[in-house]
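Presented below, as structure tokens, is a lone chain in the form predicted alone.
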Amino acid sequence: MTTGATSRGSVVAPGVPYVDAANVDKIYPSPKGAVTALRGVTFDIRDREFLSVLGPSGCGKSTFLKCVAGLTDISAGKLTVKGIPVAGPPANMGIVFQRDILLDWRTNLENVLLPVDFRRLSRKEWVGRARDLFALLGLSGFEDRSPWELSGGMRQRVAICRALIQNPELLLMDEPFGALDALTRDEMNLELQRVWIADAKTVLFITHSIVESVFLSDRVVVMTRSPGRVLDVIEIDLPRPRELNIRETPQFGTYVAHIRELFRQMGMFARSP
């Protein structure tokens, strides 16, 4: 989904991160005792950067994304988008969830135009962009089909088109390819990289996949087990555009091995005796 329309020409003030988290805590109240999802989370996301957050299940990755999206409030600390404290969904944000959440009674084109309809804008002014996005993501000819006629990967492409329809500056993606098979996931990684390079947005990408995070990102944030803290932030110095065979290079393997070692330190991926 998309909130608001912006021009990608706008940038944050010099020296100001696009997203800045400082000592962020998130605590969920519960009759059985409060649950701390995030504790002291501190990192930033630079303008037009592709940043992935990686960590064990339940470490608060998706919770952090929801905080940035303004869908839930932080309990302590400071969280800003373009230097402004988050107090609701930013007006320049698009979001893609793990499930595509398409409406089967609307055509694919109508699904992409849903944010436009929601804001009661003129469809005529946005149909051209919608069709351009269909072409960009390899969906030309499927505009007037229904979502149930598409494969899982194609449905997720439609969901990405919907998130991009109003050209948001900030794109939040919560494990968008987690439910796809390995081959389709590889294809979607390439498509997402191509879209990001074509119209470089600031991307916060949540994933469980080490390989996916290294392939897509400028930096990878590794979170600890719950309550989620930042364990490490890794700069990924690999040339772009990246082809899938870059995963076979020693440099790529070094990044993957380093992140796997961090997970071993958390008690995961235990070495065989």
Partner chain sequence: MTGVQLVRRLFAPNRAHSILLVLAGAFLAWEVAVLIFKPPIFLLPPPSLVLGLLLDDIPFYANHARHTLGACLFGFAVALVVGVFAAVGIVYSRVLENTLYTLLVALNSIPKIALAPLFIIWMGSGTASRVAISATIALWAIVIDTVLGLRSVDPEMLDMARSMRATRLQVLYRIRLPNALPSLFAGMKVAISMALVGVIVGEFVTSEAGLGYTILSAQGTFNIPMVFVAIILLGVLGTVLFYAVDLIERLVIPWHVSHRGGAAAPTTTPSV
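Note that the rigid core is defined as the largest set of C-alphas that superpose within 1.5 Å between two forms. Positions refer to the first chain, counted from 1. No experiment lies behind these values; they were computed from the predicted model shown.
The following text describes the form predicted together with the partner chain, which does not appear among the structures shown.
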Answer among 51 to 59, 65 to 73, 235 to 243, 208 to 216 for heavy atoms within 4.5 Å of the partner chain in the predicted complex: the stretch 65 to 73
Can you pick the one in 145, 99, 194, 78 that has a heavy atom within 4.5 Å of the partner chain in the predicted complex? 99
Option touching the partner chain, based on a heavy atom within 4.5 Å in the predicted complex, out of 190, 91, 179, 135: 91
Would you classify residue 150 as touching the partner chain in the predicted complex, given a 4.5 Å non-hydrogen atom cut-off? no
Closest heavy atom of residue 157 to the partner chain in the predicted complex, within 4.5 Å or not? no
Does any part of residue 86 reach within 4.5 Å of the partner chain in the predicted complex? Heavy atoms only, please. no
Check whether residue 139 has any heavy atom within 4.5 Å of a heavy atom of the partner chain in the predicted complex, and answer yes or no. no
At 4.5 Å by heavy atoms, is each residue in 106, 115 and 120 next to the partner chain in the predicted complex? yes
When you overlay the rigid core, is the Cα of residue 71 off by 2 Å or more between this form and the one not shown? no
Core-aligned, is the CA shift for residue 194 between this form and the one not shown 2 angstroms or more? no
